[in-house]
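In the block that follows, a single chain appears as C-alpha cells, in the form predicted on its own.
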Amino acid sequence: MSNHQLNPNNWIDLYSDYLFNYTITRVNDREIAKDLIQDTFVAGLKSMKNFKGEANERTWLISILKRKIIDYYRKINSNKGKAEVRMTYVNDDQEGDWLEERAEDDGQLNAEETIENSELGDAIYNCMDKLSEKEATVFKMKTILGYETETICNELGITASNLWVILHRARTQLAECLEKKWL
C-alpha cells in the first residue's frame, strides 16, 4: 500500500478548479458541473474507508467524478429514452451496431470492467474532440442529450436532412476513431 493519505479538508482548495475544468468540458453547464463536483466530494467522504492509496488523492477524486458524469448522462438519457447511438463494429467473434453493447453497465462492475468502462468513455470523448464543432454539437444534442430533431434544427438553424447528414458523418468518424483507439 502506498503512503498516499486523504485529506478532505483541503479538497476544495486543491482540486475544485481542476475538477471543474474537467467537468465543464464534458457537460457544458456550469451549474451541473458544480453539482457533479459537490456529489464527487460527498461520495469521496462516504467512501474514504475504501481508499487503498493506490492512486493519489486527485486521481482518486477524478475516478469518482468520471462515474458521476457517466451516471448523469445515463439519468438524462433514461428520462428521454435510450440514447440513439448506432455504430457498426466487426471483430473476430461478432458483428453488431449498438455502442450500448460495448458500454453496457448493470451497475455491478468489477475493477477490470470499471477501468474498461472508464477507458471507453475517455475514448469516446477523445474521438468527439476530433469532430468539427458542428458535428460534435449535433452528435451530443441528438445522441447524448436526446434532443428532438426539430429542436436541434431550430437551435442550430439547419434542416432535418442536413442534421441527418451531419449526424451520419459524425457517427462514421466516431466509429472509425473508436475502432483505432478502443477495439
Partner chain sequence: MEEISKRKSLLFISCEEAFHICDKKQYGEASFWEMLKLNLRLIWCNMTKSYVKKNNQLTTTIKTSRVECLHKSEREVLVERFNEHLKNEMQS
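Residue numbers count along the first chain shown, from 1. Between two forms, the rigid core is the largest collection of C-alphas that superpose within 1.5 Å. If you're wondering where the values come from, they're calculated on a predicted model, not measured in any experiment.
Omitted from view is the form predicted together with its partner chain, to which the following refers.
Note on the partner interface in the predicted complex: the residue among K134, K46, R58, K130 having a heavy atom within 4.5 angstroms of its partner chain is K46.
Listed residues I158, I144, I69, I62 were compared with its partner chain in the predicted complex; I144 is the one with a heavy atom within 4.5 Å. By the criterion of a heavy atom within 4.5 Å, Y125 is counted among the residues contacting its partner chain in the predicted complex.
Mapping the unseen interface onto this chain, L178 counts among the residues with a heavy atom inside 4.5 Å of its partner chain in the predicted complex. Though the partner is left out of this view, V27 does not reach within 4.5 Å of its partner chain in the predicted complex, counting heavy atoms only. Using a 4.5 Å cutoff between non-hydrogen atoms, L120 counts as a contact of its partner chain in the predicted complex. Shown here without its partner chain, the chain has Q38, F41, V42, L45, K46 in 38 to 60 lying with a heavy atom within 4.5 Å of that partner in the predicted complex.
Put the two forms on the same core and the Cα of S161 is off by 2 Å or more between this form and the one not shown. Core-superposed comparison between this form and the one not shown: the CA of T151 exceeds or equals a 2 Å shift.
Core-superposed comparison between this form and the one not shown: the Cα of V138 travels 2 Å or more. A decrease of at least 3 Å in the separation of the C-alpha atoms of N21 and T137 is found in the predicted complex, compared with the displayed form. Between L61 and C127, the Cα spacing is smaller in the predicted complex than in the shown form, differing by no less than 3 Å.
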